[in-house]
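Okay, here we've got a single chain as structure tokens, the form predicted alone, with questions on binding and movement later.
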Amino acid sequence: MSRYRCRSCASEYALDERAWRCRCGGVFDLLFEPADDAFAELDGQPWSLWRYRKALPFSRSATGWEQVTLGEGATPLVPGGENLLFKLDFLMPSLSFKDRGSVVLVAKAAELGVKRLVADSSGNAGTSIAAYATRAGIEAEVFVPAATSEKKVAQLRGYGATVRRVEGTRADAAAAAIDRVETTGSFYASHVYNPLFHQGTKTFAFELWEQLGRSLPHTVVLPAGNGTLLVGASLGFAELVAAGLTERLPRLVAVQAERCAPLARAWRLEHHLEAGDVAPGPPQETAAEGIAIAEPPRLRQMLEIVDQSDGEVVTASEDGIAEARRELAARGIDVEPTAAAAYAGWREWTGAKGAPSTVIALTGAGLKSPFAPTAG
């Protein structure tokens, strides 16, 4: 049976205790191992992330997910240049990769009998959780920073969620949500703290492996704020290695916005590199609002993941993010700035040439953010 385990003190909690963090303050991992035959009979399975349901924390007899799913997953890979592919992970029901984690988290919450949940988000996670909560018949209350784009707020309300706009930063919204959880006893559907979310985002790795002929690229580039895709993808790649289906992890490159880059700063300091171009202290405003996380709770875990893959943490400038978004749009791919940041970081890091096989995750649709292309 699946259980939460604290990364700091190794205390364990049953899922039905509805704990969101250890009493010691540590964050949780999920104790769970995929079935031995999780990848043995994929032919004929529906082309959605539920083709990997034997690798997800549900019993084989569980069917509740069938009432929650919207067919999420199975996002395409498209060429981006020599040795470069884009995984269009924004082509999901709520228009962001967060649907991978949300559907697993909400389906499990429904299995546990949850009737009301609280979430916090800069937009994409909240809208995604709200979409699946309404399908599961669960009431959702979502806390967002006051500056969250109107399109994302409208989407939240369209799904029937109660929206609480909080003055201040993304961290202020999270603090307000936690206070609400502690005063009401609601289930905290946190994409940051609850490792069930990572059980969904790990399917990104499984899909890449299948789409590339049961092999993996040399490098995978991911935007990183709270690290939900970085942590999940790394878990998925590790499970493929453990199952003997690939021999190595891909190199993971985490991209942050230059104006809010706590992970990049910590990385450079730990590796005795110059950190002068990464702003210390409070975050500055950035177009990449989805990764503008000043104090990610899983920062240490994220650093370990990048190290274990012999990866890198890089940053994207504001001008680079805007340019990358325009270039992607000119190729017919309209993404929000947070997704464009991954491409911008890769371009600034590699000079956009001479890189081995690389996949860049494009994680959020451009429809969610205003976009003013250059004239002409």
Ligand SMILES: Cc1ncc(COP(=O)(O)O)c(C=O)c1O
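As the structure is a computational prediction, the values presented were derived from the model and not from experiment. When you see a residue number, it is the position in the sequence shown, counting from 1.
Below, we turn to the form predicted together with this ligand, even though it does not appear here.
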The listed residue (I291, V142, A233, A109) that reaches within 4.5 Å of this ligand in the predicted bound form by any heavy atom is I291
This ligand in the predicted bound form has a heavy atom of only one listed residue within 4.5 Å, and of A224, A261, V103, A189 that residue is A224
Within 4.5 Å of this ligand in the predicted bound form, heavy atom basis, the matching stretch of 335-343, 313-321, 60-68, 32-40 is 335-343
### Task
Report whether the minimum heavy atom distance between N124 and this ligand in the predicted bound form is within 4.5 Å.
yes
Report whether the minimum heavy atom distance between N194 and this ligand in the predicted bound form is within 4.5 Å.
no
Using the partner position in the predicted bound form, report whether L229 sits within 4.5 Å of this ligand, counting heavy atoms only.
yes
Of the residues spanning 83-102, the ones with some heavy atom within 4.5 Å of this ligand in the predicted bound form are F97, K98
